[in-house]
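Here you get one chain, nothing else, as C-alpha cells; it is the form predicted on its own.
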Amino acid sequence: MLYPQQNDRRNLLDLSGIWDFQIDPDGVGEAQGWFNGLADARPMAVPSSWNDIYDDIRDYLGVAWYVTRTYVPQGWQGERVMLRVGSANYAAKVWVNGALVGTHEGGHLPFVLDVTGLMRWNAPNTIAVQVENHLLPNRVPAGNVEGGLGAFMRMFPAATFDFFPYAGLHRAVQLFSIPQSHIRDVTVTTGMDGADGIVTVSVDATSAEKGSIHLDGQALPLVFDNGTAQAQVRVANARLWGPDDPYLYLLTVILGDEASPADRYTLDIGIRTVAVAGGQILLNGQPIFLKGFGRHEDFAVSGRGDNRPVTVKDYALMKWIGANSYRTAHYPYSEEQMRMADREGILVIDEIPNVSLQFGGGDEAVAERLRVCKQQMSELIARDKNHPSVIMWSIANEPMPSDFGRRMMGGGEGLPIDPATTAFFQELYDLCRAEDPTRLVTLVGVGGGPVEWLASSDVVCINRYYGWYSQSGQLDAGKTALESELDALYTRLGKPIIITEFGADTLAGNHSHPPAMWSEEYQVEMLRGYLDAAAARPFMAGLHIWNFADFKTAQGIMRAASMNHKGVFTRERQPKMAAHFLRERWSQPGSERPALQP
C-alpha cells in the first residue's frame, strides 16, 4: 500500500491517458480473448467514469474492458515490476500480455500485482483491465435491494445510496519497479512527551539485515529481525501538525548501507495526537471543533475520476470558507486528496463504502457483507495510516435495521434491536482498534437508527435533517427537535457529538422572503439554526454540512435534474448564499465555541 514514488532506487511509469475501451454486456470478452486487444474499441480516458463520456452508456454498469500498450524501460530489468490500479469500481480482473495476473473486489482502494515475469523488454506490453459495477444486494455498497432506499425513492439505477453509481478506472494505473531487496511497508505513529515529539517508525522489508531512518537531522539504525525493524526518534520542541500549522517533517527510510542503499523510501509525516475527553475531541491535547462538510468526488464529465484541478480548487474553497475538516462520504477518496489534506491542514474522517447497509437476505448474506467490510477497512487503514490529516475511521454511514421504516416515523423508542447487528459493528470497531489504536473510530447513524450501534464509538456521529425531511418548512420546530435529541444523546452516551450531515436542497438563484424550502434563504436559516444549537452545547465536537457542492445522483422523484442540490457551492463550484454566510461565521476564530476552554 506504499504510495509509488520515483527516486534513485525506485521507478514509476504512470499509464494514465487514453485507453481502448469496449463494453461487454453479453460477457463474451474473456472467452474471445479481448485481453489481447479490442476489435470494436473506442477511446476512454483513464482516470474517469465511463458513464458521463458516452450517451449510450450513462446507465451501463455491466462488464467493460480497458486495454493499453506500453514499453517498459530496459533499465528496469533485474528489478521487480509491479502493476498498481488505484481504483476499479467495483470489481476487476487484470491481464498482462495475455496472462491473468489478479482480481480485486471493492472500488475506491488500490491493489498491486507482481508482473515481473510477464514483461517484454523489446516490445510493447499489453495491459487489459476488465471492470464491472453490477448493483448486487450483497456488495458493499449494495444495489437492487428489495425494499431498499433505491426502491423507496424510485431511483434508477436502483442503488441503496443517494449518489450516482459511477463505474470505471477512477484513479491512475501505474507500473513501478522496486529492488529485489526492498521496503514493503512503513508505519509511523506519533506522540508527545512534554514539548518533544516521539515518532515511532516500524519497517517491513524483504531480505534485510540492516538499514536506517533519517528524521529532523537525526539518523538512527534499523536492525531487522525476520524482516521487521523499529526505531524511535525524539524530536525536540516539535512543531505540531494541525489546521493552523500543517507542518510536515520529511522521513527517509534506507535499506542496507547509506552509501549504497538497496532501497530508499521517503514520506511526509506530521507529529500530532488525537484523543477524546468528555464531550471534546482533543488535537495535540487541545479541544478542536470540526467545521466542514460531507463531500463527494464528483464533477461533470469526469464523474468520480481523479480530477487534480478540481481537487486543488476544492481545497482552496474549503480554506476560503473557513472549514478545517471533512468526511470522505461515502467511500475512500484518492490518495492525492489525502496528501492535499496533509499539506493544507484539513482534518479527515475516513470512511469505507459501507453506506445504507441492510441486514436482510439471511445469515450467509450478512456474513458476506461483513467479510467485505472487514476487507475494505483493513485496506483503508493500510493505505491511510500514515496521514496526519486522518483522525478518525468511519465504519458505516446510515446503516438501517429491518424495522427502519417504523423507527424513521418516530416509533422506534424502546424497540428491541437484534444483538447480531450490534455484534456486526462491534467486529468492525474492534478491527480498527486492533490495526490502528492511535485514531478514533465512529459509526454515522441515520435519523431513527438504533442508539446501541453508536455506543462503542469514540465520537457519536449522526446525520439529521430536522427542517427538511421532517418538520419540512418549519425551521423553528426543526431546531427544537434537534436540540432535544442532542441533549438526550449526550445524557445517554456521554461522548462528543458531531452532526455529520444536515442541510437543505437549494436551487441556486431561487430566492424567497420569508424563507421557503428550496430557496437560498431557507438554506442559510437552516444552517444558522444548527450552528446556533451546536454553539450552545459544550459536548458538540463538530458540524459537517451536507454537502460541500451539488452532486449527481441516480434519477428519482426526489432528485430534480438527477442532482442532490444540498451543496453550499454549485457543482461548478460557484457559491450560494450559504457559502458566504459560512465564510462570515467560520472566519472568526472561536466563533463556534466561544466558551470552550482546554
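Sequential numbering from 1, following the sequence displayed. For clarity, every value in this text was computed on a predicted model and none was experimentally measured.
Keep in mind the form predicted together with a small molecule is missing from the figure; the text below concerns it.
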- Interface stretch in the predicted complex with the small molecule - options 543 to 551, 568 to 576, 35 to 43, 54 to 62, non-hydrogen atom within 4.5 Å: 543 to 551
- Message: Taking the small molecule as it sits in the predicted complex, is Glu398 near enough to touch it, meaning that at least one heavy atom pair lies within 4.5 angstroms?
- Response: yes
- Message: Please determine whether Asn324 contacts the small molecule in the predicted complex, using a 4.5 Å cut-off between heavy atoms.
- Response: no
- Tell me, yes or no, whether Arg139 is in contact with the small molecule in the predicted complex, where a contact means a heavy atom of each within 4.5 Å. no
- Would Tyr469 show up as a contact with the small molecule in the predicted complex if we use heavy atoms at 4.5 Å? yes
- Query: Between the options Glu379, Glu335, Glu483, Asp162, which residue brings a heavy atom to within 4.5 Å of the small molecule in the predicted complex?
  - Reply: Asp162
- Note on the structure: Partner-free chain; cross-checking the small molecule in the predicted complex, the single residue of Lys385, His330, Lys495, Arg84 with a heavy atom within 4.5 Å is His330
- Task: Establish, in the predicted complex, whether Tyr465, Glu501 and Arg559 all lie within 4.5 Å of the small molecule, using non-hydrogen atoms for the distance.
- Result: yes
